[in-house]
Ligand SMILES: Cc1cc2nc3c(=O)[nH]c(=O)nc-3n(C[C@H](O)[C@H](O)[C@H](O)COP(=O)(O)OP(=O)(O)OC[C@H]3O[C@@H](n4cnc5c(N)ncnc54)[C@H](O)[C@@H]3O)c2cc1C
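Only one chain comes next, encoded as structure tokens, the form predicted alone.
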């Protein structure tokens, strides 16, 4: 049985940053990243490479799994804020979180990231904030850095090449079980076992369901997180250009008048593309955007998500989100796309109606359908009301031909009971970081959590 000083389950941004920080300060440590998916060099999605018209359910989804995590094929947006993107400041002072994010940014720059940032503090951005407030929309304050999908992949490849001779990176190694015996952690795959003194769970959103089950088995108390569920909107770039040209990504929050529910814009991609993800066995939607002008589209896409935090007696938010996504897949043979005007009129978008649309889907594999048969009425009402609210600050958002893709779900694990070091209270030397632990929900804070835990382990070792 191979033994390591530190085992990291998951090769996404949080696990990568933890490994980087560990070997920077103690290169003699034996560190291993256990990754279910492929090397970043071998990650290929047949759908994005036009080798198939629909997801073929690869054994390991190249978009969601592999070194670099799902962030590798994202458009590489890093937000510099504690206003959103996670809950690290539930455990760490906000000033410390910002220090960690700035430190993370220096690492990314070292491996090729741009230094340019967009800001909500410019005069034009402050005017946008005022106009939003006049329409009961709240523009969250942050700086944002956009790397671009192609550049983000390059940066992750550079980090991989740096780390591969300093830590063990075991690809195609799915940890199926964790045990804690005699002060050591035993990690089991189908074929072999490993042990480690310190264990970091960095499984990401795709591993959230598995992580929850492992916590239950290890008798670690869990708290249900919210679930974000909604649609991805696609419309002509010009409609939001006065906003995205200034701040790039506008995080707009709105409380609906009908239900007082929170609806928010998320993951805005100017001149981007809508893409699919295979998340926990179901197809959902997301968005990408490139830095290269030749790869850009004429459209902007963003998610509209309704946030709900379930209370007793219901305690299965992951299964609920998965059920809605599965229903969408069943009715639409994958991802459904519908014109906003058809949704409001209560009629299905069919192929004939889609062909008449001025807005053409960038996700070619999406099938015209009816989101009214998928999303609960409360979600639909909230989304429709939010679109009309956005139309007040970006005229044309509520156009008939605005496209809605469904569904988009952000799965977050139930949060384990941890201390201020992000160490599980039940099991010492077992740490939980990133989106898969329900502690973060962004690349920035996920990366920061990895650096923070690495430092805490180094302090213990010293």
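These numbers come from a predicted model, not from an experiment. Positions refer to the first chain, counted from 1.
Keep in mind that the form predicted together with the named molecule is missing from the display, and what follows is about it.
**Q** Taking heavy atoms and a 4.5 Å cut-off, does residue 454 contact the named molecule in the predicted complex?
**A** No, residue 454 stays farther than 4.5 Å from the named molecule in the predicted complex.
**Q** In the predicted complex, does residue 71 have a heavy atom within 4.5 Å of the named molecule?
**A** Residue 71: contacts the named molecule in the predicted complex.
**Q** Is residue 443 part of the interface with the named molecule in the predicted complex - any heavy atom within 4.5 Å?
**A** Residue 443: contacts the named molecule in the predicted complex.
**Q** Does at least one non-hydrogen atom of residue 174 fall within 4.5 angstroms of the named molecule in the predicted complex?
**A** Taking the distances in the predicted complex, the answer for residue 174 is yes, it comes within 4.5 Å of the named molecule.
**Q** Thinking of 9, 37 and 75 as the candidate spot, does the named molecule come within 4.5 Å of a heavy atom on all of them in the predicted complex?
**A** Every residue of the candidate spot has a heavy atom within 4.5 Å of the named molecule in the predicted complex.
**Q** Identify which of 286, 82, 349, 244 has a heavy atom within 4.5 Å of the named molecule in the predicted complex; exactly one of them does.
**A** Flagged contact: 286.
**Q** Only one of 394, 414, 64, 31 has a non-hydrogen atom within 4.5 angstroms of the named molecule in the predicted complex; which is it?
**A** Only one listed residue qualifies here, and that residue is 64.
**Q** Tell me, please, which stretch of 196-204, 298-306, 380-388, 126-134 lies within 4.5 angstroms of the named molecule in the predicted complex when heavy atoms are compared?
**A** Contact criterion met by 196-204 only.
**Q** Select from 103-119 the residues with a non-hydrogen atom within 4.5 Å of the named molecule in the predicted complex and write them out in sequence order.
**A** None of them.
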